[in-house]
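Below, in structure tokens: the form predicted on its own, a single chain.
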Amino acid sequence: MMQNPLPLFIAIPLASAFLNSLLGKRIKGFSDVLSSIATLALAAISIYSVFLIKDVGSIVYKVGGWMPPIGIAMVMDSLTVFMLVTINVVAFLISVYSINYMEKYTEKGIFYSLFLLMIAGMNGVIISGDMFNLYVFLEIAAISSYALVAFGTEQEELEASFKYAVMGSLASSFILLGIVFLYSYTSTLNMADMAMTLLTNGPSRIVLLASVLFLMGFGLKSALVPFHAWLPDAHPSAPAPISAMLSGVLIKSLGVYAMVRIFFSVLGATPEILSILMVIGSLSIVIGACLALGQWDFKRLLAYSSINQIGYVILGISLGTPLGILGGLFHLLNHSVFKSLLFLNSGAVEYSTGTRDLQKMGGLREKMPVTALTSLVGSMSIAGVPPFNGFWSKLIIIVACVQSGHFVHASWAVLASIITLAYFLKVQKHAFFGELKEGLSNVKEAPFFMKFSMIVLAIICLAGGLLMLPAVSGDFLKAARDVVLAGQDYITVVFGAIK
């Protein structure tokens, strides 16, 4: 099993979700312990997979022993491993944070069951080697997230969840239609086999139609402008751990990763598609930053900021150059860390003060020093202040734009980074600095497990710049970049790994 750990990424969270639903109510603390152990195991296996891929190369798991393209395949290459590490390490820290945070909610066992189902869905999307199973796992993760957004069952949560479900279902419909049209043209659902057929048959209007449908579907899942309307309601309404998961990893696994995998490895990234993505990425960067600037709701500000930051990821990848793709993937990893940290900070503030309104805060640094310090680290990271991790990934993307001759896009990226710094300085000033406001004198620091997760994420923000060093990133970040650059060589990778 340790030579082919792919099934574990699905089996562990699914089994844990099932056990939680059975025993979570009956045994006190069972859900906390089981979920933490399950997510720790997933994080450990994903890190182990980095070294496994280095030793044995890409891995294909044949479900039920059936040989692809007839049977279902799970595929692990360097891009897969990169995403698995990002998702499962963040998921573990959020699971630990939830031990204390979710005490104020009822039905903790149901929360963890849905949480683990969402992780299973995201992992399934990442390792799936065929289109239909990618769609199935995408729906598992999406439906779990709809329920988790509404977990508080207040009017705001239910309204946001309904809006999210409608927009998410529309996105899923676009994606399913795209898969149907591609299947009608290629007579296969296996991604590598589909890419081979498309190379043999050449371009077609059906492929163009499927590309447009995928662009709309995954654009909605990624919350890119102009498909972003659902995100500012859904992410703030969810419990803080789920807000962190949604903005930190969900929109990247269901949206960005799936888009990159299909457009680069299956359809072949054409200059026209890359140009469209570049424009969408730049629009998201600027519009997301401007919308965040006027927000006073802490979590809503962070939600608009996610639109802004995901634009950087798409802009870097859409350049199609080695440096641009490296910067885009690096920023994807960094954003998963500092945005998760910031949402956990907002959760800690709301947990202790009972409000998300920045105008009702002030001076919390005195009462919540750990939350204040980690929030400062997260704010400086997302604003791109050196030497934090966000600075390096933004710098790479901007340099890649300049090298490619896209000076306008580089200018927008620099301007939006300055705006980002402005609204996070506003957060720091109104929430943590200044005089302690009346009514906040009894505020206490967040409990231990919440502090633990925030501190670890802050340390990763500080250490993230080390991935710039070739000795550190050569088998992780650059290897993932090489998979995207290889494009439809994915065919050789998959069929070459089948034994």
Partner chain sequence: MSLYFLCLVLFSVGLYCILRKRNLIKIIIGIAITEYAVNLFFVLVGYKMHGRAPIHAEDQAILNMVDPLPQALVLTAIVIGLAITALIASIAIRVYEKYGTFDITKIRKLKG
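Numbering follows the first chain given and starts at 1. Bear in mind that the values here come from a model prediction, so they are computed numbers and not experimental data.
Heads up, the form predicted together with the partner chain isn't pictured, but that's what we're talking about next.
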| property | result |
| --- | --- |
| Candidate from Ala269, Leu189, Ala141, Ala383 lying within 4.5 Å of the partner chain in the model of the complex - any heavy atom | Leu189 |
| Option touching the partner chain, based on a heavy atom within 4.5 Å in the model of the complex, out of Asp357, Glu107, Glu366, Glu159 | Glu159 |
| Proximity to the partner chain in the model of the complex (heavy atom, within 4.5 Å), stretch among 141 to 149, 408 to 416, 73 to 81, 280 to 288 | 141 to 149 |
| 4.5 Å heavy atom contact, Ser113 and the partner chain in the model of the complex | no |
| is_contact(Asp193, the partner chain) in the model of the complex, heavy atom dist at most 4.5 Å | no |
| Partner proximity in the model of the complex: Trp296 to the partner chain, non-hydrogen atom cutoff 4.5 Å | no |
| 4.5 Å heavy atom contact, Glu103 to the partner chain in the model of the complex | no |
| Those residues of 148 to 171 which, in the model of the complex, come within 4.5 Å of the partner chain by heavy atom | Thr153, Glu154, Gln155, Glu156, Leu158, Glu159, Ala160, Ser161, Phe162, Ala165, Val166, Ser169, Leu170 |
